[in-house]
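Below sits a lone chain in structure tokens, taken as the form predicted alone.
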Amino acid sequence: MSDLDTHRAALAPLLVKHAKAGILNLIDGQSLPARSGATFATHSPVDDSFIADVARSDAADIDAAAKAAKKAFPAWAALGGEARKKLLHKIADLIVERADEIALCECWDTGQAYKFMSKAALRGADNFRFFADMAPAARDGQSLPTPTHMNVTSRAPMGPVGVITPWNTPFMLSTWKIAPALAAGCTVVHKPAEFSPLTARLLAEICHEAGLPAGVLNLVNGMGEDAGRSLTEHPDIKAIAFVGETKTGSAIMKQGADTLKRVHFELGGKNPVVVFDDADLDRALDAAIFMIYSLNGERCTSSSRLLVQKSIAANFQAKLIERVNKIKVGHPLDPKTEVGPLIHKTHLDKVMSYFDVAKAEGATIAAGGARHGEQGCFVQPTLFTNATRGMAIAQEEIFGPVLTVIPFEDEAEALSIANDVAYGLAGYLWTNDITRALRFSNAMEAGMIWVNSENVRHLPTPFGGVKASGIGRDGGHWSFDFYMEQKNIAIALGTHKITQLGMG
């Protein structure tokens, strides 16, 4: 039996279970349908096969979940950090135990390749362990004395928070938001993307099985215009952590304004990978390909623009075309597959629309540029050449396995092109000139920059973007800065003179 057949056999009973039970909400520790009884169907992008009916929640379900989170908050916030640490490690242990189940469901629900999802599930466990270990010190502050006062700061969890997660690598990104919220002492209402609800349910089940108290994590499925909007407007929800499109982030900010919601957004990107002629070109080629064609190109930090110095452009581009044409597109459960189907027919249509845009703008489709096969949401890995900075393919987030090549003459032009987009999430720089690397990195408008490297995440470091790519930072204590309130207590030292008023 092939690895693909083995994975299919392992997935089959899981699909039967979910199809039979449906994907329910989890509110105050109870599995519940939407109060209205409404559902929507979720289908696999592999072959459009039915997966399950999903609770289509509305304002009533969000209200129940928010009230449950509010009720559970005082006890959870008061629980000692060591106790929260132990519980979050238990969640991580259970994620590891069910990692293959999570990976298989993620592949079928999203179209992501098993090659990457088998690691993404374990990344979710790592996220829980990292923030579990930070939980005992979550409230710690600083001593900031002056000659007249002792200033002592502390942190406290802010209350129930809303987490809205996307459809690309949804399990890992859910843990990336939920783990620090729980470690900080917040309670959570989680609204996953409607295109990929399966593993959000698995995470909720795992947390419940680990012993997380009822109401601490609540799962509410539904559409953005119903459940999502109700969550962002609910007065009991103190903050919204969102990963997704820039346009949606803007809408959430408006919706939360009346209740003064704190917001944290990781939004879109049109990230450049800049390759100078003095770089290690073989490694740069590997990284440029990996950062756009892995995960189906459906990630915010993908390097969707390749800026390559003109002196090496022809040779680099020729090697690039050869490699792109060899990328294996196939069934996501096949461990040899490198690119699986896109998430949904609507997204497939969006990505493919840029093929006509590229031609109309005068760019060349040097590789790919068509649908792959007749069934499912598969698209060929695509490469645009002869592009210029002002083209739509160089400005807009396509969010698929599509790379646009733009040549540059010198460092000044490269920097100008790199910064000439609305986004500023990530950047990748390839050069062996350390002075140039520092100079260029300091001037690049991006929240995260990797030099001579692909995206290698180090959890204590800040993660987030500038411009239209987001607000706030995840990672380490930056996550706690979002989920917690800061307090300063100033204690007078001695009998310092107070200015006297009203003495006549």
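These numbers come from a predicted model, not from an experiment. When you see a residue number, it is the position in the sequence shown, counting from 1.
Beyond the structure shown, there is the form predicted together with a small molecule, which is absent from this document and is the topic of what follows.
Relative to the small molecule in the model of the complex, residues Ile164, Pro192 and Cys300 are all within 4.5 Å by at least one heavy atom. Mapping the unseen interface onto this chain, Ser469 counts among the residues with a heavy atom inside 4.5 Å of the small molecule in the model of the complex. Using a 4.5 angstroms threshold between heavy atoms, Val243 counts as touching the small molecule in the model of the complex. Looking at Gly269, you'd find a heavy atom of it within 4.5 angstroms of the small molecule in the model of the complex.
Contact between Gly224 and the small molecule in the model of the complex is found at the 4.5 Å heavy atom cutoff. For the candidate set Thr248, Ser118, Thr385, Ser294, a heavy atom within 4.5 Å of the small molecule in the model of the complex is found for exactly one residue, namely Thr248. A heavy atom within 4.5 Å of the small molecule in the model of the complex is found for exactly one of Glu411, Asp126, Asp420, Glu397: Glu397. Segments offered: 131-139, 226-234, 324-332, 351-359. Contacting the small molecule in the model of the complex at heavy atom distances within 4.5 Å is 226-234.
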